[in-house]
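Given as structure tokens, the chain that follows is alone and in the form predicted alone.
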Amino acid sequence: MLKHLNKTKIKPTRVVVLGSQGFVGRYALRQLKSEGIEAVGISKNEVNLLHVDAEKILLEKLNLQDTLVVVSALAPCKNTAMLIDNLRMMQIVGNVIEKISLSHVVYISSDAAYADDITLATEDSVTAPTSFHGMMHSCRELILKQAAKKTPLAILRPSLLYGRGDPHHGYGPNRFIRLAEKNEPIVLFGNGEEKRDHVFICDVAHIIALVVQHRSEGILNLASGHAYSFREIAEIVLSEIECVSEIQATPRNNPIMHRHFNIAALYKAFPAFQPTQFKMGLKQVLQQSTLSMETT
């Protein structure tokens, strides 16, 4: 659950987005600037968190009382080497937080921090990851909690993301759209039976802007509140795109696991916010041929 230290929206002195060239970082930076918030991005080219001088360079780029939004990660985390690198990166961020007085820290985590087989996720669900990616986020959350004992910390756990500009080509809407636009078949795992909640990237950016202005602390899941099967998503994509793509089922190698979200905490934190429902979000994505992410 989130607790708002600012009962009404107050623009922070400055917001620094660490990982500003990533999928979430680019949208977050653009949203913050669109709301008249002074915001700057730090990309991997400016501060490589695995570099020997990363801590020193990051300290030099931050000002007292900045709000720090941490998005930077090697994702998806697939193996032990990537896990260790991701933890090293967050160790640097944690060291910096302990050395400079920041106004607020926001970490963009993932619902992968929950057990893979959890069916209904809430903020009270136990974090028990069974994947490297989930373990990475869970451990990073702990590092930040230890480092930010004197600084308000908000941890946001989005469900599966969709939107233009996703570099990961992950299974789901982003991949299905790209395949349909190329007239290539949409290949499902099994029959695409799993039901999952997908959250629109613009909604995530909007919530980040609300969180920094309310100086919120605590944990919040970011989801739409509606789950679709991957087959349903593929069918919706094909109904919206003129193409000759077909849906293809494949033999299933893993058990079917559904995940739904109770988003009561999201409504309680931001009563005026309405998550974008998938069909409407998809229409917005398709209207954006290639999204310009210019933020200056």
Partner chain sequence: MYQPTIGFAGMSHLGINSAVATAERGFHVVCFDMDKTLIENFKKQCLPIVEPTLPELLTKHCLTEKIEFSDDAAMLGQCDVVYIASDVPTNDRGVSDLASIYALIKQVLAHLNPNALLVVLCQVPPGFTRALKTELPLERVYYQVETLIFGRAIERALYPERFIIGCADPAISIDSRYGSLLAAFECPILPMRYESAELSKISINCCLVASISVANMLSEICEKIGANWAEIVPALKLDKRIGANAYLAPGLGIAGGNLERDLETILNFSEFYGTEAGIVKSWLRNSQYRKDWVLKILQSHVLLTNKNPTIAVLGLAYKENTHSTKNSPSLLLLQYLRSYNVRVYDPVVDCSIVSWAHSATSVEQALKSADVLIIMTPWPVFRTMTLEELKKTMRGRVIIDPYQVLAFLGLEKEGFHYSALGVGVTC
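Residue numbers count along the first chain shown, from 1. What you see is a predicted model; the values in this text were computed from it and never measured.
Here the subject shifts to the form predicted together with the partner chain, a form of this protein not shown in this document.
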Counting non-hydrogen atoms within 4.5 angstroms of the partner chain in the predicted complex, say which of 244, 64, 264, 52 makes the cut.
264
Find out whether any non-hydrogen atom of residue 36 is located within 4.5 angstroms of the partner chain in the predicted complex, and reply yes or no.
no
Is it the case that residue 255, even though its partner is missing from this view, gets within 4.5 Å of the partner chain in the predicted complex, heavy atoms only?
no
May I ask you to state whether residue 120 is within 4.5 Å of the partner chain in the predicted complex, using heavy atom distances?
yes
Report yes if any heavy atom of residue 274 sits within 4.5 Å of a heavy atom of the partner chain in the predicted complex; otherwise report no.
yes
Segment that reaches the partner chain in the predicted complex - one of 265-273, 56-64, 39-47, 246-254, heavy atoms within 4.5 Å:
265-273
